[in-house]
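For reference, the chain that follows is the form predicted alone, supplied as C-alpha coordinates.
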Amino acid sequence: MKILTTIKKVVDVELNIHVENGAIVEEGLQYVLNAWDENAVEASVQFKENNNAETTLVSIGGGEDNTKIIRRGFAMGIENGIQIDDPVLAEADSSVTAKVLQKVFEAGNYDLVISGKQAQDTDSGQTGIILAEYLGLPCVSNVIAIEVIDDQHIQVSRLGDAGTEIVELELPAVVTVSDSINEPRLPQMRGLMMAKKKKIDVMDLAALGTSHDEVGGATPTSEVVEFMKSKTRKAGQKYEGDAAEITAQVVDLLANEAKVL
(Lines give C-alpha, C1' and ligand atoms only; values in the text may rest on other atoms or scores of the structure.)
Protein backbone atom coordinates (compact mmCIF):
# COMPACT_ATOMS: atom_id res chain seq x y z
CA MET A 1 0.00 0.00 0.00
CA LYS A 2 1.29 3.47 -0.95
CA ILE A 3 0.22 6.37 1.24
CA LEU A 4 0.49 10.06 0.40
CA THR A 5 0.38 12.44 3.37
CA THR A 6 -0.23 16.13 2.78
CA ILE A 7 1.34 18.66 5.15
CA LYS A 8 1.39 22.44 5.42
CA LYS A 9 3.49 25.03 7.20
CA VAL A 10 1.44 27.42 9.32
CA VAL A 11 2.09 30.34 11.61
CA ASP A 12 2.82 29.24 15.17
CA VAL A 13 -0.46 30.23 16.83
CA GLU A 14 1.18 30.12 20.26
CA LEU A 15 2.84 33.42 19.36
CA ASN A 16 1.24 36.85 19.45
CA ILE A 17 0.08 37.59 15.91
CA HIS A 18 -0.28 41.26 14.99
CA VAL A 19 -2.60 42.65 12.33
CA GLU A 20 -2.09 46.05 10.73
CA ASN A 21 -3.96 47.59 7.80
CA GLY A 22 -5.83 44.36 7.14
CA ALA A 23 -2.69 42.23 6.86
CA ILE A 24 -0.64 40.03 9.20
CA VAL A 25 2.67 41.56 10.24
CA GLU A 26 5.26 39.10 8.93
CA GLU A 27 8.16 40.33 11.06
CA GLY A 28 8.97 37.95 13.90
CA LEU A 29 6.61 35.19 12.73
CA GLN A 30 7.63 31.56 13.18
CA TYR A 31 6.23 28.66 11.20
CA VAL A 32 5.52 25.10 12.31
CA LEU A 33 3.94 21.90 11.00
CA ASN A 34 0.15 22.23 11.04
CA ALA A 35 -1.17 20.40 14.11
CA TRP A 36 -3.77 18.27 12.27
CA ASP A 37 -1.19 17.35 9.63
CA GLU A 38 1.06 16.09 12.41
CA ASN A 39 -1.74 13.67 13.32
CA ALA A 40 -1.89 12.66 9.64
CA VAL A 41 1.85 11.97 9.66
CA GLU A 42 1.50 9.82 12.78
CA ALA A 43 -1.38 7.87 11.21
CA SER A 44 0.73 7.24 8.11
CA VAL A 45 3.73 6.08 10.13
CA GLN A 46 1.49 3.66 12.04
CA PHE A 47 0.32 2.28 8.68
CA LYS A 48 3.97 1.76 7.76
CA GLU A 49 4.72 -0.02 11.04
CA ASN A 50 1.60 -2.19 11.15
CA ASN A 51 0.89 -2.85 7.48
CA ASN A 52 4.24 -2.45 5.72
CA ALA A 53 2.98 0.61 3.83
CA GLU A 54 5.21 2.89 1.77
CA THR A 55 4.87 6.47 3.00
CA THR A 56 5.42 9.75 1.18
CA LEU A 57 4.61 13.27 2.30
CA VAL A 58 4.14 16.37 0.19
CA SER A 59 4.33 20.05 1.07
CA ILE A 60 3.58 23.01 -1.20
CA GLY A 61 5.87 26.01 -0.79
CA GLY A 62 9.55 26.83 -0.80
CA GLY A 63 12.00 28.05 1.77
CA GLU A 64 13.65 26.69 4.86
CA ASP A 65 10.42 26.51 6.87
CA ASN A 66 8.85 24.04 4.43
CA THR A 67 12.03 22.01 4.35
CA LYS A 68 12.00 21.82 8.15
CA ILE A 69 8.48 20.44 8.39
CA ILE A 70 9.28 17.79 5.77
CA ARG A 71 12.34 16.74 7.76
CA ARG A 72 10.20 16.59 10.90
CA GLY A 73 8.00 14.10 9.04
CA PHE A 74 11.13 12.11 8.16
CA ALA A 75 12.18 12.11 11.81
CA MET A 76 8.76 10.73 12.79
CA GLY A 77 9.19 7.84 10.34
CA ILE A 78 8.01 8.95 6.88
CA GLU A 79 10.18 7.48 4.10
CA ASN A 80 9.86 9.91 1.15
CA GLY A 81 9.32 13.65 0.80
CA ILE A 82 8.15 15.89 -2.04
CA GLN A 83 8.37 19.68 -1.96
CA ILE A 84 6.49 21.64 -4.62
CA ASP A 85 8.48 24.86 -4.74
CA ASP A 86 7.03 27.34 -7.21
CA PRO A 87 6.64 31.06 -6.41
CA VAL A 88 3.37 31.30 -8.37
CA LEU A 89 1.73 29.16 -5.66
CA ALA A 90 2.42 31.66 -2.86
CA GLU A 91 -1.24 32.73 -2.72
CA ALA A 92 -2.79 29.40 -3.69
CA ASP A 93 -6.26 28.78 -2.25
CA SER A 94 -7.76 25.39 -1.35
CA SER A 95 -8.89 24.68 -4.91
CA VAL A 96 -5.49 25.45 -6.46
CA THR A 97 -3.71 23.48 -3.74
CA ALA A 98 -5.99 20.50 -4.37
CA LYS A 99 -5.25 20.68 -8.11
CA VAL A 100 -1.50 20.55 -7.43
CA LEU A 101 -1.98 17.62 -5.04
CA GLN A 102 -4.06 15.87 -7.72
CA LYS A 103 -1.03 15.99 -10.03
CA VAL A 104 1.21 14.60 -7.29
CA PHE A 105 -1.24 11.77 -6.59
CA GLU A 106 -1.62 10.81 -10.23
CA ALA A 107 2.15 10.81 -10.75
CA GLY A 108 2.72 8.51 -7.78
CA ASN A 109 -0.15 6.03 -8.19
CA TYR A 110 -1.02 6.08 -4.47
CA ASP A 111 -3.62 3.97 -2.68
CA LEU A 112 -4.55 6.36 0.12
CA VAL A 113 -4.27 10.05 0.90
CA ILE A 114 -4.20 11.07 4.55
CA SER A 115 -4.42 14.76 5.41
CA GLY A 116 -5.28 16.84 8.44
CA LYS A 117 -8.93 17.87 8.41
CA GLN A 118 -8.04 21.58 8.51
CA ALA A 119 -5.15 24.00 8.79
CA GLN A 120 -4.74 26.08 11.90
CA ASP A 121 -4.18 29.28 9.90
CA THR A 122 -7.22 29.36 7.56
CA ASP A 123 -9.35 26.67 9.27
CA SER A 124 -11.22 26.14 5.99
CA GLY A 125 -11.08 22.33 6.05
CA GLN A 126 -11.66 22.07 2.30
CA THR A 127 -8.45 20.96 0.57
CA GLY A 128 -8.66 17.22 1.21
CA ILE A 129 -12.33 17.06 0.26
CA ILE A 130 -11.78 19.08 -2.95
CA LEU A 131 -8.84 16.80 -3.81
CA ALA A 132 -11.09 13.74 -3.54
CA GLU A 133 -13.63 15.40 -5.83
CA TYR A 134 -10.97 16.19 -8.44
CA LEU A 135 -9.69 12.61 -8.27
CA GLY A 136 -13.18 11.11 -8.30
CA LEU A 137 -12.37 9.13 -5.15
CA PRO A 138 -14.39 8.35 -2.02
CA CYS A 139 -13.61 10.63 0.93
CA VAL A 140 -14.35 10.59 4.65
CA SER A 141 -13.59 13.62 6.81
CA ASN A 142 -13.01 14.10 10.54
CA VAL A 143 -11.68 10.57 10.92
CA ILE A 144 -10.71 9.34 14.40
CA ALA A 145 -9.68 5.74 13.58
CA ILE A 146 -8.51 3.76 10.55
CA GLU A 147 -8.46 -0.03 10.28
CA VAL A 148 -7.15 -2.09 7.35
CA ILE A 149 -9.61 -4.76 6.19
CA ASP A 150 -7.56 -6.04 3.23
CA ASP A 151 -5.40 -4.71 0.39
CA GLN A 152 -8.40 -3.04 -1.23
CA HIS A 153 -10.50 -1.86 1.71
CA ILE A 154 -10.22 0.11 4.94
CA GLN A 155 -12.72 0.86 7.67
CA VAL A 156 -12.76 4.32 9.24
CA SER A 157 -14.55 5.87 12.20
CA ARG A 158 -15.48 9.53 12.02
CA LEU A 159 -17.02 12.03 14.39
CA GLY A 160 -20.44 12.88 13.00
CA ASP A 161 -23.17 15.21 14.20
CA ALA A 162 -24.97 12.42 16.06
CA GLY A 163 -21.99 10.37 17.26
CA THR A 164 -19.37 8.07 15.79
CA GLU A 165 -20.00 6.87 12.24
CA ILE A 166 -18.27 3.77 10.80
CA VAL A 167 -17.64 3.69 7.06
CA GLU A 168 -15.99 1.08 4.83
CA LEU A 169 -13.96 2.51 1.93
CA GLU A 170 -12.65 0.89 -1.22
CA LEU A 171 -9.15 2.05 -2.12
CA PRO A 172 -7.91 4.36 -3.51
CA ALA A 173 -9.50 6.91 -1.21
CA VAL A 174 -8.94 10.14 0.70
CA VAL A 175 -9.36 10.65 4.44
CA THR A 176 -8.95 13.79 6.51
CA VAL A 177 -8.15 13.13 10.15
CA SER A 178 -9.15 14.75 13.41
CA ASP A 179 -6.64 15.50 16.15
CA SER A 180 -8.45 12.83 18.19
CA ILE A 181 -7.10 10.02 16.01
CA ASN A 182 -3.76 9.71 17.82
CA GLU A 183 -1.03 11.37 19.84
CA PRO A 184 1.83 12.29 17.49
CA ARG A 185 5.18 10.89 18.59
CA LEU A 186 8.10 13.09 19.50
CA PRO A 187 10.99 12.48 17.08
CA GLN A 188 14.00 10.86 18.72
CA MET A 189 17.51 12.26 18.35
CA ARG A 190 18.55 9.44 16.00
CA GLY A 191 15.55 10.14 13.80
CA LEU A 192 16.32 13.86 13.73
CA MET A 193 19.91 13.21 12.70
CA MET A 194 18.93 10.74 9.98
CA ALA A 195 16.26 13.14 8.68
CA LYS A 196 18.92 15.73 7.88
CA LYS A 197 20.52 13.34 5.37
CA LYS A 198 17.39 12.19 3.56
CA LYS A 199 16.69 13.44 0.06
CA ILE A 200 13.70 15.70 -0.62
CA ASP A 201 12.36 15.68 -4.18
CA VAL A 202 12.00 19.39 -4.95
CA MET A 203 10.08 20.33 -8.09
CA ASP A 204 8.16 23.21 -9.61
CA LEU A 205 4.90 23.00 -11.58
CA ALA A 206 6.71 22.38 -14.86
CA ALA A 207 8.57 19.40 -13.39
CA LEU A 208 5.23 18.12 -12.12
CA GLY A 209 3.90 18.26 -15.68
CA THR A 210 1.48 21.13 -15.21
CA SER A 211 1.26 24.92 -15.21
CA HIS A 212 -0.11 27.83 -13.20
CA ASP A 213 -3.11 28.15 -15.53
CA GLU A 214 -3.83 24.41 -15.53
CA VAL A 215 -4.10 24.26 -11.72
CA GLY A 216 -6.40 27.29 -11.72
CA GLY A 217 -3.92 29.76 -10.32
CA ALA A 218 -5.00 32.50 -12.74
CA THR A 219 -8.65 32.18 -11.70
CA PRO A 220 -8.74 31.29 -7.97
CA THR A 221 -12.14 30.45 -6.53
CA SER A 222 -11.54 32.31 -3.28
CA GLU A 223 -9.31 34.99 -1.83
CA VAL A 224 -8.44 36.48 1.54
CA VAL A 225 -9.89 39.99 1.54
CA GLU A 226 -8.78 41.18 4.94
CA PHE A 227 -7.44 40.07 8.30
CA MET A 228 -9.06 41.62 11.36
CA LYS A 229 -8.05 41.73 14.98
CA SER A 230 -10.26 39.64 17.22
CA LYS A 231 -12.32 41.56 19.72
CA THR A 232 -10.84 41.57 23.19
CA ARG A 233 -13.07 40.74 26.11
CA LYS A 234 -13.48 43.23 28.88
CA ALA A 235 -11.85 42.34 32.18
CA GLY A 236 -14.19 40.68 34.62
CA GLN A 237 -15.22 42.08 37.97
CA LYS A 238 -14.17 40.42 41.18
CA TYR A 239 -16.19 40.73 44.37
CA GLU A 240 -14.93 40.08 47.87
CA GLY A 241 -16.60 40.21 51.22
CA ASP A 242 -19.79 38.94 52.78
CA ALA A 243 -21.80 36.52 50.65
CA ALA A 244 -25.05 38.41 51.15
CA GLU A 245 -23.48 41.73 50.11
CA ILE A 246 -21.85 40.17 47.04
CA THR A 247 -25.14 38.57 46.01
CA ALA A 248 -26.94 41.89 46.28
CA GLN A 249 -24.30 43.63 44.15
CA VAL A 250 -24.41 40.95 41.46
CA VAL A 251 -28.21 40.96 41.31
CA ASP A 252 -28.17 44.75 41.01
CA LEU A 253 -25.70 44.59 38.10
CA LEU A 254 -27.69 41.88 36.33
CA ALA A 255 -30.90 43.86 36.71
CA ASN A 256 -29.73 47.42 35.99
CA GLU A 257 -26.57 47.09 33.87
CA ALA A 258 -26.85 43.78 32.01
CA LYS A 259 -30.66 44.00 32.08
CA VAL A 260 -31.10 40.23 32.10
CA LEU A 261 -33.42 40.17 35.11
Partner chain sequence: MAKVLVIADIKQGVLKGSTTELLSKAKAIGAETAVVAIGSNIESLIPDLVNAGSDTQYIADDSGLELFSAGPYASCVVDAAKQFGANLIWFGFSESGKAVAPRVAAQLDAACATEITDVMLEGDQVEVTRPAIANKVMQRVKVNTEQLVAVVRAGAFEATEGITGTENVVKLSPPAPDLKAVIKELLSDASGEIDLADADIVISVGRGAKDQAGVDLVRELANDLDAGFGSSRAMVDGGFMAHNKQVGQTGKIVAPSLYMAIGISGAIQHLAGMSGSQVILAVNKDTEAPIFNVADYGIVGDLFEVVPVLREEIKKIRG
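For clarity, every value in this text was computed on a predicted model and none was experimentally measured. The term rigid core refers to the maximal set of C-alpha atoms that superpose within 1.5 Å between the two forms. Residue numbers count along the first chain shown, from 1.
Another form exists, predicted together with its partner chain; not displayed. Remarks below refer to it.
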query: Partner-contacting position among 168, 147, 106, 79 - heavy atom within 4.5 Å of its partner chain in the predicted complex; finding: 168
query: is_contact(residue 221, its partner chain) in the predicted complex, heavy atom dist at most 4.5 Å; finding: yes
query: Its partner chain contact at residue 226 in the predicted complex, heavy atom, 4.5 Å; finding: yes
query: Close approach of residue 163 to its partner chain in the predicted complex, 4.5 Å, heavy atom; finding: yes
query: Partner contact for residue 125 in the predicted complex: its partner chain, 4.5 angstroms, heavy atom; finding: yes
query: Contact check for 63, 189 and 206 against its partner chain in the predicted complex, heavy atom at 4.5 Å; finding: no
query: Which of 228-236, 65-73, 51-59, 196-204 sits within 4.5 Å of its partner chain in the predicted complex, heavy atom basis; finding: 228-236
query: Contacts with its partner chain in the predicted complex - residues in 1-20 whose heavy atoms fall within 4.5 Å; finding: 11, 13, 14, 15, 16, 17, 19
query: Residue 250 C-alpha shift between this form and the one not shown of 2 Å or more, rigid core reference; finding: yes
query: Exceeds or equals 2 Å, Cα of residue 240 between this form and the one not shown, core fit; finding: yes
